[in-house]
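Take a look at this single chain in structure tokens; it is the form predicted alone.
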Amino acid sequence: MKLYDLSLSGNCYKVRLFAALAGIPLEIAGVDFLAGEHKKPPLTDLNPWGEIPILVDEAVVLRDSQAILVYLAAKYAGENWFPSDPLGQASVVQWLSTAANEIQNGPCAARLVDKFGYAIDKAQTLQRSARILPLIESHLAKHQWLALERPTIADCAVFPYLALAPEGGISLADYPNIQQWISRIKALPGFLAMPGV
């Protein structure tokens, strides 16, 4: 099983992190992002959207980190990481949506501006972050984990861009529950770091 990957990408990292925590072996294929390798064949043959990560598992080819997390968990990691019951799945998927929306357009986008020079409205990324971080902080004041009172792919999906928020100029100093949750994830057996985390 191969993951087309960029070491500095939080979206790629969430897949590597989950695979490490769940003991799923991955062959990592580094992508030359600066040279635009992801925007041309053979990678666009695998993902016409021209984005990474891309997972190839025999005949299965998947794009999008959230979809890859669901696939890996359901196929290889069992009920603990992604349950089969409808309510359990919904409890996890709502956080995958948060990762792909509020966090992607808030802390993640702020990091893209500061670290990589993307032409994104930084003030807007900070406004979005200022809305979502207190909501997550409040949730984590009552729960050790994002969903189901245990680590799931929800935590793997949300973790990277919250842990990397300072690289976008977003301090976590006012969010002690988020900081403690980050520490709990780092303490999980098999935890895998990335630059900045």
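Remember, it's a predicted structure, so these values are computed and weren't measured experimentally. Quick note: we count residues from 1 along the sequence shown, nothing fancier.
What comes next is about the form predicted together with a further copy of the same chain, which is not displayed.
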| property | result |
| --- | --- |
| Heavy atom within 4.5 Å of a further copy of the same chain in the predicted complex - the one residue of Val70, Val31, Leu148, Leu140 that qualifies | Val70 |
| a further copy of the same chain contact in the predicted complex: Val60, any heavy atom under 4.5 Å | yes |
| Contact of Ala123 with a further copy of the same chain in the predicted complex (heavy atom, 4.5 Å) | no |
| Asp64 within 4.5 Å of a further copy of the same chain in the predicted complex, heavy atoms | yes |
| Partner contact for Pro41 in the predicted complex: a further copy of the same chain, 4.5 angstroms, heavy atom | no |
| Contacts with a further copy of the same chain in the predicted complex, stretch 124 to 153 (heavy atom within 4.5 Å) | Gln124, Arg128, Arg131, Ile132, Leu135 |
